[in-house]
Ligand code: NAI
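Here we start with a single chain on its own, the form predicted on its own, put down as structure tokens.
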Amino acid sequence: MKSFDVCVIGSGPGGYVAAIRAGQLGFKTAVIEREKLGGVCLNVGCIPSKAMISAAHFLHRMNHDAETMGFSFKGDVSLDAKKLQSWKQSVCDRMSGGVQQLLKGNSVEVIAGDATFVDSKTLSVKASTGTEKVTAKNFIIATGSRPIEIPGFKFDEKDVMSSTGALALESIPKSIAVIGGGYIGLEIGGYLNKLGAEVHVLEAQDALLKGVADPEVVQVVARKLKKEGVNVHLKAMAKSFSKKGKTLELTAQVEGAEKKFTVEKILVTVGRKPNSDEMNLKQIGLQIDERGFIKTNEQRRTNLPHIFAIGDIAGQPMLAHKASYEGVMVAEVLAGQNRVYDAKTVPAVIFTHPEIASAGWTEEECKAKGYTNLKVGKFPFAANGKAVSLMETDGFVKMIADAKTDILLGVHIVGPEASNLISEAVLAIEMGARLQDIALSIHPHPTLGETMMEAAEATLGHAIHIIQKPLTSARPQPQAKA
């Protein structure tokens, strides 16, 4: 039997970060992983999908932008899908190997196996070499989530795939139906379209990314998808499918009428659910809510005081960076530091083309929270020199502020490098910054980052590089005579 101060179960972006910080703080720490270090994110999620998106965008630019810039090629650019998979895997392996080195460098013991609670203070870890018992003073559960299946579409990762199967394709299908127009479906469907697949997206709602991103932002991506040949079907419910030789015939209800799609593959991306039905969590008395998330307080402590839960299994938003934040926080709580989960905003990024990124609230959310008097401004990438030079001019930066105080409440970006630009907005919102703080901060030229400064100026009513009707409050006011 092995004993530790801290035992982390799961080595995803929440778990491995928690283990590293615990090791740095001097705790005797172990991390248990049943698959690969780095979890879903590094191996079958965030990292491989971004590698594939990067490759697809590279190919797309060669085929569509290179000639405009003056480059020409003899013959078509061909794709070796197996070699692409090999490169993608090398990216994942490099990241996973880096995690292994970081854990080792911080004296964290890695235990390979599938963990189950025997009681609230003991784990049974089953591995290929046998079973061992592990005890700890404190446990951090970071076992994440998995894709949701829908009736009639059981995953076999060949015909009907989850995101895991789609990211492992060694040949690009001629056609694919993507069930679910959320961020995972649009990311994977988008890059497969660029790699040559005919893509049909079936979304049950009347709009893509409904409730996930600012509606104005989504419109830009929807138009781009249409322009690039992605077939989006709204108010579409997938009902069943049958195999017809080498193809699949999918039956769906689209706006109330039955419609059939003949495709080579089906990808189901309707969301993810927490892995709280594993490890005997209920049996040891852990409280789990009706959605399957482990109940925690503001320090991510469960109803059993020595057990914490972080990441996807601890509730929304189910994002890697939120899990990492919680991992550091819990380790520091265990060290006696006064930490609670008090982030004002958790940024969200969707790696569509163009990218979407947001921090803070939408206009609708601002009004729901009592901010009825708002300043809202936008600055388009088409007016930014760097974006023009990149031939990436779709989209804009949108800022929302309280009209009474000019305090920034939300930033929504759709355009090139939105994923990188949003960090400035996160810092501004966390600091309680006003529009003037961004507008009066000198931004380097020529950069995409200038759009943040210009959007702040536009929201104040005096943008330089777009023509806008001046706001009354933006005009200098005459001084009263003595």
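These numbers were taken from a predicted model, which means no experiment stands behind them. Sequential numbering from 1, following the sequence displayed.
The protein also exists as the form predicted together with the named molecule; that form is not presented, and the subsequent description refers to it.
With the partner removed from view, the residue among 127, 81, 150, 118 that has a non-hydrogen atom within 4.5 Å of the named molecule in the predicted complex turns out to be 150. Of the residues given (214, 392, 355, 187), 187 alone sits with a heavy atom within 4.5 Å of the named molecule in the predicted complex.
Every residue of the trio 182, 202 and 238 has some heavy atom no more than 4.5 Å from the named molecule in the predicted complex.
Stretch-level contact analysis of 345-353, 220-228, 402-410, 368-376 against the named molecule in the predicted complex, using heavy atoms and a 4.5 Å limit, identifies 345-353. With a 4.5 Å cutoff on heavy atoms, residue 272 counts as touching the named molecule in the predicted complex.
The named molecule in the predicted complex comes within 4.5 Å of no heavy atom belonging to residue 383. Remark: residue 318 counts among the residues lining the named molecule in the predicted complex, judged by a heavy atom distance of 4.5 Å or less.
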